[in-house]
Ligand SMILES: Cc1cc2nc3c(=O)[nH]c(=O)nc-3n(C[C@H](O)[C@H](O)[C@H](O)COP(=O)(O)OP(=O)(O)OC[C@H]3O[C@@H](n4cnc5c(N)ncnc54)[C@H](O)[C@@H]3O)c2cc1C
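Quick heads-up: it's one chain on its own, the form predicted alone, in structure tokens.
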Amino acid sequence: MPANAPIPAPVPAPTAPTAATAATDVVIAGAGPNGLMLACELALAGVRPIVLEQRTEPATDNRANGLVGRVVPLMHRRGLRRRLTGDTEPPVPNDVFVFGALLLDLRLAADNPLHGLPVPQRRIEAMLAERAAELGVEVRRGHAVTGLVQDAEAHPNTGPTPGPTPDPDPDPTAAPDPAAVTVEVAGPAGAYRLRARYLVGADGGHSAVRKLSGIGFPGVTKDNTVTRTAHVSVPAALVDPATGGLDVPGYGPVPPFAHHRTDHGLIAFAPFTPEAPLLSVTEWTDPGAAVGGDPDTPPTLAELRDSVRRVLGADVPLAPPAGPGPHVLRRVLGGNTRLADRFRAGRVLLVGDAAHVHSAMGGPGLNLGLQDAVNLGWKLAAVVRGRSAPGLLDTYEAERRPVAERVNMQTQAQSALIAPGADVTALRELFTELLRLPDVVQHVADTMAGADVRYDMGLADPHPLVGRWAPDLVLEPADGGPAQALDALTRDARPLLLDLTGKGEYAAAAESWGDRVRAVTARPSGATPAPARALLLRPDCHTAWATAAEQPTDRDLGDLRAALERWFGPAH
């Protein structure tokens, strides 16, 4: 596939069921970015889900202002980033970012992993909806999940299984498992039922699927903050033409696109568009008192201006934004950090905010949720199509729940660093010193990006790349064709074996998996040596197996075949 090849063509659209109870393979509750991404991943793997969304129209409010972290190169490898930006070149990591409203100079990191893509969530959602439609996914808007019942099974899932432990000896020729989950749905024409082999809750922090399946959602609720956010207009005289930030008389500079802490609160000024910059202010106070005792009181620009005055100790005149909307004007009281006690209950699975909620500090939400979807999609499709045993689904929770735990940890740490008080100010002084150390910057950047993730691939003494995100490569095919970037080979979400010896011996060892795994024999382009001589990549772009050996040994070939069977089913 050449580097400029189009994204793979869609599969035929399914026929909408008309019976009172209809059957399908997968139902996804929620047509936000995570649900739509999962639907696209399933469709690429040959499974067409039905997506149920209780909203009658796509969201127009802006819940996030972009993508941060590993998800940016992931979107590039699926060919989706170019749909948002028009850019076909690999993404370039940020030079600077913030951690707990402290400057993070990423130029100090030896291997900077932290990418940003400032695109409003509504555009991301619209792009994914368009892509899902191209792939034949049916999205039913105005349809809400109201109940579910799972069939009894001989071996129901009872919780997480440590490490990747798919069931032994799966039989892909066996008849499909008749067990299913019955989903009760309220639609515009009335109530109906769907019988699905699997149901995935991508329906947000208040997930009906999670509640109906009895999955707990323990965590911490903080009720001592009030955050007010709005698109506004500010006097041109207050905007620094060099930085785009604010220069407030009586206070001083407020940098753009960064949280800025004072002794009285937190302020962020983000001029995504000059005519309607986004202004957000957080105060530590009694939420009831802050809104006059009535949390349902609609927020106003005057209320936001008063909040700015309290946080900065200086006035910033605010006016309604110019230009087309939609425009934000909202107030959020308190916040939650919560994690589902399991990501799977039998034939019900959770992704995104349905499985975890946390502070928005550092923008980790879509980085975490979209990668949940990509991790689950190919596994669920393999099970549904009979290519892998149901135990493969246990690796979803085993891999993704620890990542969510780390996100909860680092966002809580950032929240602690922005709190008011002299003790926090002293802590920030210490952290400022630590963030001048390259190793500390590298560690924090890896944590924020998700680049510290290493999945357990079940191999003894594996190559250092195993379990990690596959590195960017440019390949010169052994047959003499044009050079290809790795992202040209990952758009269709197929497993990929890269034989970089140019000889094809590793590729030949995977011939019995040729219906599922694409084998590419090539040499790395350029003077920089490849980090391995052969790599097996899962559809989520994580390395399932790798070797440094130019000439295969019996152990290399044995480990390769074991990885192929573990992740992609038995040989044919």
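When you see a residue number, it is the position in the sequence shown, counting from 1. A quick note: this is a predicted structure, and the numbers were derived from the prediction, not measured.
Keep in mind the form predicted in complex with the named molecule is missing from the figure; the text below concerns it.
*Asks:* Pick from Cys541, Ala509, Ala64, Val520: which has a non-hydrogen atom within 4.5 Å of the named molecule in the predicted bound form?
*Replies:* Flagged contact: Ala64.
*Asks:* So which of Arg385, Arg330, Arg436, Arg107 gets a non-hydrogen atom within 4.5 Å of the named molecule in the predicted bound form?
*Replies:* In short, Arg330.
*Asks:* Can you pick the stretch from 510 to 518, 541 to 549, 528 to 536, 48 to 56 whose heavy atoms fall within 4.5 Å of the named molecule in the predicted bound form?
*Replies:* Result for this chain: 48 to 56.
*Asks:* Cys40 near the named molecule in the predicted bound form, any heavy atom under 4.5 Å?
*Replies:* Answer no; every heavy atom of Cys40 is more than 4.5 Å from the named molecule in the predicted bound form.
*Asks:* If we define contact as a non-hydrogen atom of the residue within 4.5 angstroms of the partner, is Ala133 a contact of the named molecule in the predicted bound form?
*Replies:* Flag for Ala133 set to no.
*Asks:* Quick one: does Pro364 come within 4.5 Å of the named molecule in the predicted bound form, counting heavy atoms only?
*Replies:* Residue-level check for Pro364: yes, a contact with the named molecule.
*Asks:* Can you tell me if Gly204 lies within 4.5 angstroms of the named molecule in the predicted bound form, counting non-hydrogen atoms only?
*Replies:* Although the named molecule is absent here, Gly204 would touch it in the predicted bound form, with heavy atoms inside 4.5 Å.
*Asks:* Going by heavy atoms, what in 33 to 50 lies within 4.5 angstroms of the named molecule in the predicted bound form?
*Replies:* Pro33, Asn34, Gly35 sit within 4.5 Å of the partner.
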